[in-house]
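Before any questions on how it binds or moves, here is one chain, the form predicted alone, in structure tokens.
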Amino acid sequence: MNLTRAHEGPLPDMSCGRRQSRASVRICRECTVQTRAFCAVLDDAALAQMERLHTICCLAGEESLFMEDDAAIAFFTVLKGALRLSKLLPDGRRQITGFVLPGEFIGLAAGEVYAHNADALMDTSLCRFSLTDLDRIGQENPELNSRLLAMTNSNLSLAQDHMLLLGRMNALEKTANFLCSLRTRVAAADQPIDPLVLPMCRADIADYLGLTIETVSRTLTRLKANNIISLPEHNLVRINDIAALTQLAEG
């Protein structure tokens, strides 16, 4: 897997700070997402090497990590918070293509530029590597490339599921599918699922599902009326009947 890019250097408008420690491998081993991140397959020596190369990037809510068509020069793992991925359509409308949660990565590009906009949904911190450094580490540690390939295939599966969701499901099925998928990913990130925190707003969910905000709100209200979910707060969802929600999500 060739990850090398022609450009190198810091990304604009981003607060990054290199972590300093004499016990560098300990920092990686104590990372809250280390067992789920792409680097989980590395031994202590390789982790120590990566620790010397990475920086920590911190974003405030709605701050941009990178924009579509920016030079693809860095690779990121989300440590905490969440990101929104989007593209601008030719008519000026925005299409949200995905969300990135703790332990998941972002930044691999098929070409020389990023294909999406990436914005923080809340205060978010990320572990950043230059793609040239990542390429070199991958050459020295083939298991890292295998791990990245497996995670990339998982992302591809999510994208295929999203295409099916947009093209074949009705509003109720789309919303149920979204909640079930988010619950699975949040659980994989060792985050609380009862209640399930929605880092994205209703407008983000609507854009992602190809619905209107009003339709998303009505659908959530319908699920609540059927006691499949509860809405203790605007950004919280308690799933009361996971079997019923899963049945709806499967269409």
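This structure is a prediction, so every number in the text was calculated from the model and none was measured. Numbers follow the displayed sequence, beginning with 1.
The following text describes the form predicted together with another copy of the chain, which does not appear among the structures shown.
**Request:** Report the stretch among 57-65, 210-218, 33-41, 178-186 that approaches another copy of the chain in the model of the complex to within 4.5 Å, counting heavy atoms only.
**Result:** It is 210-218 that comes within 4.5 Å of the partner.
**Prompt:** Taking heavy atoms only, is Asp119 within 4.5 angstroms of another copy of the chain in the model of the complex?
**Reply:** The answer is no: Asp119 has no heavy atom within 4.5 Å of another copy of the chain.
**Request:** Examine Arg136 and determine whether its closest non-hydrogen atom to another copy of the chain in the model of the complex is within 4.5 angstroms.
**Result:** Arg136: no contact with another copy of the chain in the model of the complex.
**Asked** Closest heavy atom of Lys80 to another copy of the chain in the model of the complex, within 4.5 Å or not?
**Response** So Lys80 does not count as contacting another copy of the chain.
**Message:** Given that another copy of the chain is not shown alongside this chain, does Ala206 nevertheless sit within 4.5 Å of it in the model of the complex, heavy atom to heavy atom?
**Reply:** Answer yes; at least one heavy atom of Ala206 falls within 4.5 Å of another copy of the chain in the model of the complex.
**Prompt:** Here the chain is shown alone; which of Ile73, Leu148, Leu101, Leu172 has a heavy atom within 4.5 Å of another copy of the chain in the model of the complex?
**Reply:** It is Leu148 that has a heavy atom within 4.5 Å of the partner.
**Asked** For 234-251: residues with a non-hydrogen atom within 4.5 angstroms of another copy of the chain in the model of the complex?
**Response** Glu250, Gly251, in sequence order.
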